[in-house]
Every structure is written in structure tokens, then in C-alpha cells.
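Only one chain is shown below, in C-alpha cells, and it's the form predicted alone.
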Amino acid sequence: MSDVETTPPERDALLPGIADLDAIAPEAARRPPWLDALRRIRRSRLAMAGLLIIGLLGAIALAAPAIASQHPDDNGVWRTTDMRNREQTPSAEHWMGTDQLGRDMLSRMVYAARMSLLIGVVSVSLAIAIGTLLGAVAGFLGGAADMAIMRFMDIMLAFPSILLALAIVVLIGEGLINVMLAVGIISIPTYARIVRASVLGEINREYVTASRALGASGSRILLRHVLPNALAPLIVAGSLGIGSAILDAAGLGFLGLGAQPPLAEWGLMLSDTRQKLFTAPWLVAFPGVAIMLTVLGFNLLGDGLRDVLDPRLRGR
């Protein structure tokens, strides 16, 4: 150790930039973590492209009454039919043509966007809520609870998802609400496994040990400390899962087990017009492209969020 004591000015001269770092550090420490995440999302081209597509579809769904020239009643039933003008090609009067009953395709498409987005969000929200609860309990408690919960999840994962959804719809009945329940149920194991893995990675960290030493209850540790640190992979999986849920619901609708006529839903619209592929291809093309763009938007957003929120991928 040197006999000469170094004064603060001499220290700054020997180590230039230390004073600047001291001034900057408190502000960076007070910066909310979500603000840094938003800045990284804005720099991610994948995330922004997905947000652009989803935002455009969401705006169209919200503005459906202003965009559509025809409207369903309060129960979603379309009573506007014109058999004299059925299967018209796209024109200035009907931008997307008319369907097999003479209804304006653009009007049905924008209202169907509401239905499909609602199915995706509600189904994934249900799956995340139940899956998070099961996965958190299994990972935090371990032992017999972990074994029972995860073996049941493995049984569900052993079946193809669309086959399991078909079985659930057959058991509880067809219809829009039942489709949302079925799609949500088949997605539960995915989120349960993600949350369990995240919880297992957090419960042995120092902050959990310190909380236990200070007398914090298990529920407080789980809800206040462990789960918030396990949200990043759940957010990514949820954004990817919405696209998959919309695709599954469209598949059930195509099979006639989802939304029932005369409701407007993209999968149901494909099912009703599948025989018109060569005689009126626009009836099939527009709902198919809408499903493709919606799934693409959520997949791009999920991939972008994964690159942003996963610390192992930030430097790529």
C-alpha cells in the first residue's frame, strides 16, 4: 500500500471517467427495467414488424362498424342477403366481392377479425392463467405435487393438439365459447412446463434464500419474487401461442365445430366456401390470407420478444 494518500482530484486524474460514471450510475440504477425492454423492442425489426401487422389488424377490428357497409345484429347474425348479387367479383362497390349469399365480403372479413383475435387472446389468457398456477405450484412445492401435476401434463401432451381439441369440443359441444375453452385447455401444458422450468431456475438463487432467512412465507416468495422473474419466457410463449390458438380455432371452424353460421369467423368462412376455390377463388383467398397474416404477425412478435428478453440472445 502506498504511503502517499491519493486525494479525490488525483484519483480522477489517474482514472479519467470515474467521476462521470459516478454521476451516471444513480440515474441508470433508478431506470425501470421495462423501459430498457421497450427500447430494445423498438430496435428489434422482427418485433416491430409483428407489432405493425397486429396493430393494423387490431385497428381494423376496432373500426369494423365504420369500415363495413353491412353489419350483423347484436347476436352476430347476418340478415343481409342478396341472392341476385351473390359471388360477385371484387369491384368498387364491393372491394372484396360478395359471398355465396350475396353478403359483402369486406364487411364480414372485418367483423371476423374481431372474432378471431378474441378467440386467440381469450384462449391464451385462459391457458396462461391455469398453466402458470399449475407450473408454479409444481416447481415451488416439488415432490408428490410436482410428480402428479407434470405427469398429467405429459398425458395431455401425448395427444396431438388438434385431436385433443376435437375430443373436447365433441364432449362439451360445438360453438364459439366451447372452441375457446378447448383451445385454451390444450395449451395449458405448454405454459405449465415453461413456468415450472423458470421457477426451478429461480428458487435456488440467493435472493430466495435470503427471503426465507428473513421469515418470508412461501406464497410471498413465490408471488413477489419468483414469478416476476419468470415472466420473460411466459410473455414470449404467450405471443407465439396466440397465433397458434387462432390457427387451431380456424381449423375447428373449418371442420364445422367452431363458430356456427351465420357468424363471421375466418375458419368458418373457409369451410363455407371451400367448394368455390375454382369458381370464386376470392371467397377462399381473403380469409386464408387474413389467417396467414395474423399468425405471421404474432410469430414475428414472439421471435422479436425472444431475442429482446432472452439475455443469451441480446448480443447476437
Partner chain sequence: MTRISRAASRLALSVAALGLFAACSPEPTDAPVPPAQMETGSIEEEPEDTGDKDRLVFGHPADAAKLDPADVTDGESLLVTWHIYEGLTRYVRGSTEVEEALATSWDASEDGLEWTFTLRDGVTFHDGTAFDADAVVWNFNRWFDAEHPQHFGDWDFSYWEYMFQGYAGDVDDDENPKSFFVSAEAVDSSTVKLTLNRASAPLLQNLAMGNFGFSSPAAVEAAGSAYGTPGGSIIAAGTGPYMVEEWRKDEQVTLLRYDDYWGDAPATERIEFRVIPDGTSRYLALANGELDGMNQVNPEDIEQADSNDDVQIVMEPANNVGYFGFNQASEPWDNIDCRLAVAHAIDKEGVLGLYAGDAEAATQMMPPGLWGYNDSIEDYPYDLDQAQTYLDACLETSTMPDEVVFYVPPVQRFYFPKPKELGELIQASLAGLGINTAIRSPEWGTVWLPDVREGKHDVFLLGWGGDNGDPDNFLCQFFCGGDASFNGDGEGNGLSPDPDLEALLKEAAALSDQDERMAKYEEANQMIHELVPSVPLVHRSPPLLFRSNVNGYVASPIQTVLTSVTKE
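Numbering follows the first chain given and starts at 1. Computed from a predicted model, the values in this text were never measured in an experiment.
In what follows, reference is made to the form predicted together with the partner chain, a form of this protein that is not presented.
Colleague: Can you pick out, from I177, L214, A144, M83, the residue that has a heavy atom within 4.5 Å of the partner chain in the predicted bound form?
Modeller: For this set of options, the contacting one is M83.
Colleague: Every residue in G251, F278 and G288 with a non-hydrogen atom within 4.5 Å of the partner chain in the predicted bound form?
Modeller: Each of the three qualifies.
Colleague: Any chance D73 has a heavy atom within 4.5 Å of the partner chain in the predicted bound form?
Modeller: Output for D73 is yes: heavy atoms within 4.5 Å of the partner chain.
Colleague: With the partner left out of view, is V77 within 4.5 angstroms of the partner chain in the predicted bound form by any non-hydrogen atom?
Modeller: Yes, V77 sits close enough to the partner chain in the predicted bound form that at least one of its heavy atoms falls within 4.5 Å.
Colleague: Just checking whether P262 would be counted as a contact of the partner chain in the predicted bound form - the rule being heavy atoms within 4.5 angstroms.
Modeller: Yes, P262 sits close enough to the partner chain in the predicted bound form that at least one of its heavy atoms falls within 4.5 Å.
Colleague: Considering only heavy atoms, tell me if L101 and the partner chain come within 4.5 Å of each other in the predicted bound form.
Modeller: The answer is yes: L101 has a heavy atom within 4.5 Å of the partner chain.
Colleague: Out of 148-168, which residues reach within 4.5 Å of the partner chain in the predicted bound form, heavy atoms considered?
Modeller: Just I162.
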